[in-house]
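Before any questions on how it binds or moves, here is one chain, the form predicted alone, in structure tokens.
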Amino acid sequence: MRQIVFKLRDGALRSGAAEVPVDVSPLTPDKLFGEGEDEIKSTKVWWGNRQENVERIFEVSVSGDASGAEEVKVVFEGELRKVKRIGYEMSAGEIVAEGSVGMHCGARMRGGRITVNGSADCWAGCEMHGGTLIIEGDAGDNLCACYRGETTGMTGGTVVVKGNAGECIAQYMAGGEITVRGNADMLAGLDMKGGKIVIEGDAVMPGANMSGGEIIVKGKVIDMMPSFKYEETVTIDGEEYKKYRGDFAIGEKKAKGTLLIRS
């Protein structure tokens, strides 16, 4: 196993009175595999509107060997709230963020595993195709959704949020599975067309415009969409759920989504 640690330097992101985000999308196991320590330190990352060498922003340490990207572990340490695109488009290996992170964590990832030991800002797991994303804290808005102008969000992989999630999670979701252990804000599964969402807490107006997929809400549904039709009561893992089909607001032929609410 090869481990590469990026420790954010104190004050590295500050420019005058402002703290400027850094884009670390080049720092994934599959992109760093095979590079030596000096090469890693000289990798260019975007800091605001200019590029800097990694070592200008992070202290870098490298240990161990790997025969493939799947044997590479990348660790980010420090105050990471302005560190964005962690694990962007990664396809193999492991990333661990030791703290809360900025926007787009795990966006468009295709494989591997990301663990965030804190919360993640908006657009985490956006357009995700595969792999595993674990967020120990809360997730911001648009988790596993699609970017503006696109029509397909998450298509595969697994996401677990151990806290709460923000608005419009899984918009245009087409595959994969999301579990939110806490509550979900407004419009979870908006325009959803496939995949599965499990919300263990409460949800506000879930499933609007959904044409496929499944949403399970174990807590309360607040402001239930009126365009869902009750079908039957089913038992899942010993618990009774009311099963609804919808969203009939988009037409009867398209309303093939399933919403299950614990009785």
Partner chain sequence: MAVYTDVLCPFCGCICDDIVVEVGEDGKITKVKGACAIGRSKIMGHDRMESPAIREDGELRDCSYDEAIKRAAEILADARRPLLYGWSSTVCETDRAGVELAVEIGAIIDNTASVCHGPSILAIQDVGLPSCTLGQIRNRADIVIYWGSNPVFAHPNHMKRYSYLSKGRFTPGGKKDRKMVVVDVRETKSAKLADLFVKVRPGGDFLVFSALRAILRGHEDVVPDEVAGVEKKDLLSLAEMIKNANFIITFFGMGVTHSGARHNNIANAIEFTRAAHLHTKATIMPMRGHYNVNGFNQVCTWLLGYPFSIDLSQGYPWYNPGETGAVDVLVHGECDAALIISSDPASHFPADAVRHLARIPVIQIDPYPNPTTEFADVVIPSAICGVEAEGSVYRMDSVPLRVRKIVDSKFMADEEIIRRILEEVRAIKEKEGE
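Numbering follows the first chain given and starts at 1. Being a predicted model, the structure only gives us computed values, none of them experimental.
Note that the form predicted in complex with its partner chain isn't included here; everything after this is about it.
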Picking from G48, G201, G212, G68, the single residue whose non-hydrogen atoms come within 4.5 angstroms of its partner chain in the predicted bound form is G48
Identify which of A208, L32, I216, V60 has a heavy atom within 4.5 Å of its partner chain in the predicted bound form; exactly one of them does.
A208
Want to guess which of 187-195, 69-77, 93-101, 111-119 is within 4.5 Å of its partner chain in the predicted bound form, heavy atoms only?
187-195
Using a 4.5 angstroms cut-off on non-hydrogen atoms, would E55 count as touching its partner chain in the predicted bound form?
no
Quick one: is E19 in contact with its partner chain in the predicted bound form, heavy atoms, 4.5 Å cut-off?
yes
Does the 4.5 Å heavy atom contact test between V180 and its partner chain in the predicted bound form come out positive?
no
Please run the contact check for C168 against its partner chain in the predicted bound form: heavy atoms, 4.5 angstroms, yes or no?
yes
Which residues, if any, of 77-99 lie within 4.5 Å of its partner chain in the predicted bound form when only heavy atoms count?
K82, K84, R85
